[in-house]
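To begin, one chain is listed below as structure tokens, in the form predicted on its own.
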Amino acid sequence: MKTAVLGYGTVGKGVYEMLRSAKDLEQGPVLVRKGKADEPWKTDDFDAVLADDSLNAVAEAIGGIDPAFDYAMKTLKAGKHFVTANKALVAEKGSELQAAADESGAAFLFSAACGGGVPLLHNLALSQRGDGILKVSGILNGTTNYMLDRMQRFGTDYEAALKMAQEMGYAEADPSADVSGLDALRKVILAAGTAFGILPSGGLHEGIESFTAEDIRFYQSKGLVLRLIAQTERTAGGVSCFTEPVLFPDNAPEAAVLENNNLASYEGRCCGKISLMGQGAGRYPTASALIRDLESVLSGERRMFPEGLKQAEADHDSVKRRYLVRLPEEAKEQLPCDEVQGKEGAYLRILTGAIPVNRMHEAARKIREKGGRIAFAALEE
């Protein structure tokens, strides 16, 4: 199956290299930016790529929505298979892409868009056909896990940990999507679509920007380890979908996920809890997932989203959690306080009662609007 590669950055280079030795797959042209076609197998003309009748599939590793969405739609409408590692594209445009694929009969697969080499979406797509999926959660962002690991094991402060992540190539020059939790949210939106047939909108995301070295020391004194967790589950009102910091006992499996690794779990009615751990990003882990999707196409797979995919507002009223919160003393009344655990100047550390996830996120937003500093993390109980 002759496959074109869109993009020749970190992941695109890995895909093109792996196509050389992959069974029953053949290297096609590589689409690059204008003026970068310095080899015969490179081109800056997408229409010429699509016009090649010998081309069967396209592997996209550009990222972003524009022009990736245009390329994806043209590929699928032409009846050529499309695989992608682009989480932003699938999270925002997945229903439109699936509709185009259904109309033409082409394959649309995207397991590389969540978890890198960790086959979370691949396994969800298989499992949901014969077993009801109840919940998906996990550490889905290697950048933030690396930073939190440095802060907790080595006492590194936030800014230094971020700089180290950038030097290691784990964080972009603009790391905002990672550290805000948005990157992980996009991934868990795909998990919701694959597991439940619902692409939720209005997902909540809280990242790690608010945590200080002092916060980390406090958690460690309680035997707790901080991780950024993305989660989606079936609820009375549909499905929830959010990303937020979570505190685990130091003997929990999540506490043992170090460096930039991912840990993804799902729970089925019959299979129980399944966990997958591995490299969540990087050239070869992500490229291997794109190759895996191409091999799935060869085996007859055409979709990951179940039939009847729909979009719906996420339900955050049905999921309740207790939170450990650092907030200004004057803001204490905004949350139900079960226990004051410490006082540091004008700030308190409180443990809340069980409250809906959206109430906690909304309280944090209001406090920040008034100039207050707040950090919160759910307790895994």
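One rule holds for the numbers: they count along the sequence shown, beginning at 1. Predicted model, so just to flag it, every value in this text is computed and none were measured.
Quick note: we don't show the form predicted in complex with a small molecule, though the next part is all about it.
Does the small molecule come within 4.5 Å of any heavy atom of H81 in the predicted complex? Output for H81 is no: heavy atoms all beyond 4.5 Å of the small molecule.
Would you please decide whether S111 lies within 4.5 angstroms of the small molecule in the predicted complex, comparing each non-hydrogen atom pair? Outside the cut-off, so no.
In the predicted complex, E172 touching the small molecule (heavy atom, 4.5 Å): Looking in the predicted complex, residue contacts with the small molecule include E172, since a heavy atom lies within 4.5 Å.
Residue-level contact is defined here as any heavy atom of the residue lying within 4.5 Å of the small molecule in the predicted complex; does G280 satisfy this criterion? Flag for G280 set to yes.
Taking a heavy atom within 4.5 Å as contact, would all three of H205, H316 and P356 count as contacting the small molecule in the predicted complex? Not a single residue of the candidate spot has a heavy atom within 4.5 Å of the small molecule in the predicted complex.
Name the residue from E254, E233, E244, D183 that puts a heavy atom within 4.5 Å of the small molecule in the predicted complex. By the 4.5 Å heavy-atom cutoff, the listed residue in contact is D183.
Within 4.5 Å, heavy atoms only, one stretch in 218 to 226, 135 to 143, 67 to 75, 121 to 129 touches the small molecule in the predicted complex. Which? Checking each option against the 4.5 Å cut-off leaves 135 to 143.
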